[in-house]
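Okay, here we've got a single chain as structure tokens, the form predicted on its own, with questions on binding and movement later.
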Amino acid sequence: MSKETQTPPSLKIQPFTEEPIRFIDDEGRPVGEGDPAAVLGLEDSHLLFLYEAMVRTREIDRMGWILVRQGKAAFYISIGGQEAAHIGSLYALDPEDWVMPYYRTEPSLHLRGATLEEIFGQILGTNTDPSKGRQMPGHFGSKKARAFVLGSTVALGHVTAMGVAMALKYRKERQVVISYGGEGSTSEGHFHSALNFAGVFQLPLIVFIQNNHYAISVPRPRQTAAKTLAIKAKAYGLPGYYVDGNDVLAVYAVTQTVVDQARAGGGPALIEALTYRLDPHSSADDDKRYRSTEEVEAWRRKDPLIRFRKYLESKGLWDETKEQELRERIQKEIENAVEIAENAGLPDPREMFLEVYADAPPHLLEEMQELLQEIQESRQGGK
């Protein structure tokens, strides 16, 4: 869905605010004067597109959990509750821009052109996975989507994205890079190295931190005494923005602002999106050991999908009939994509040795032949 790429100059978005920037409250009511969509130059079609993208992301996420429970996927990390932070920020990018995901980003990358078959192929490790099963679930990458393959080391993506931003500046290209991470990534050296280097060289890098309150089981107050995470940008000479991560319009507006600045040569920025993960850290986590049911339910009432739906309803753009039609259509899309991904079969064992280098070196080819020989002998022994 095309849109104007320039943030209206009348929009006042300031760095280092003490409270998160928000345009609609928990009940979907505009904050301040005027309709935020009009201020942002978003038409009704853009608003409906954003909502559908968030719902599709939530339903992809739900199917990820189902596949684990069915024993078809070994592991899953949820995006549930953080859809607005991902969709709002990704929507502010141009197709030519680059994305360094983190493990919760995968379900939202349909917005960048990743197909549902590719996403579920990655979760299942089948042939529809662009990486051919080389990575564990949650580590999606695609050239078509301009999304790099995530490395499992926490915050490593920030440094990798910084390197990409350096290459873009060296080549005098107009693209920007956005790097995603949780608030736990700000406790790692990679985060600080990336910001320091980006600040010194004024790189087109946006580090987007999703503060969902817990780095697995460690609460945010045990990670830093800083009042916000955005304020950490001051030490590196770049602006830091604190935004309500459950407000898709505010996330879009803030990200669009820093994207425009970076593209124009204005340098990097840090965004902290205050949000909450509604599910356990992963399918291997028991979140009841470190947070209360009451806390989760309080944040569930701030669900970004519910908030934005109420906003659309107040504008006369949405109702229950449209909701049911959308859910049914998306569910059919997802069920069809899962079937295709499952039936695609497992990648050939040779795939783990190929595409690592442009031309596979002799030692990798030798290891590949050894593995294929072992597989053949194992199959013959089983007869």
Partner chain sequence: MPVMTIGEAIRDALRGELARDDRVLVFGEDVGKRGGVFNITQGLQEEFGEERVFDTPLDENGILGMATGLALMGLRPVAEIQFIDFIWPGFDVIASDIAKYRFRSGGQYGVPLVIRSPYGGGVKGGLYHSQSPEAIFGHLSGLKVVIPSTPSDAKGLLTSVIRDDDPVIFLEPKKIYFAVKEEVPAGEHTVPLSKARIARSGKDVTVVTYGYMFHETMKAVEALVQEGIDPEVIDLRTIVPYDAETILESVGKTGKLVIVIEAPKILSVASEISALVAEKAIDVLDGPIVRVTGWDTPFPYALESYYMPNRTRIIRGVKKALSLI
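Positions refer to the first chain, counted from 1. These numbers come from a predicted model, not from an experiment. Here the rigid core means the biggest group of C-alpha atoms that line up within 1.5 Å when the two forms are laid on top of each other.
The next section is about a form of this same protein that is not shown, the form predicted in complex with the partner chain.
Which of 157-165, 132-140, 196-204, 267-275 has heavy atoms within 4.5 Å of the partner chain in the predicted bound form?
Looking at the other structure, the answer is 132-140.
So, Asp348 and the partner chain: in the predicted bound form, are they within 4.5 Å at any heavy atom pair?
Within the cut-off, so yes.
Since only the chain is shown here, I'm wondering whether Lys12 would be in contact with the partner chain in the predicted bound form (any heavy atom pair within 4.5 Å).
Because no heavy atom of Lys12 falls inside 4.5 Å of the partner chain in the predicted bound form, the answer is no.
Just checking whether Ala215 would be counted as a contact of the partner chain in the predicted bound form - the rule being heavy atoms within 4.5 angstroms.
Ala215 belongs to the contact set for the partner chain.
For Gly151, is any heavy atom within 4.5 Å of the partner chain in the predicted bound form, or not?
Residue-level check for Gly151: yes, a contact with the partner chain.
Report the residue, out of Glu173, Asp260, Glu313, Asp285, that has at least one non-hydrogen atom within 4.5 angstroms of the partner chain in the predicted bound form.
For this set of options, the contacting one is Asp285.
Have a look at Val31, Leu48, Ala344, Val356 for me and say which one sits with a heavy atom within 4.5 Å of the partner chain in the predicted bound form.
Selected residue: Val356.
So, Arg289, Leu371 and Ile375: all three within 4.5 Å of the partner chain in the predicted bound form by heavy atoms, or not?
Checked in the predicted bound form: all three residues contact the partner chain.
Against the rigid core, is the Cα displacement of Gln369 between the shown form and the other one at least 2 Å?
Result for Gln369: yes, a 2 Å-plus shift.
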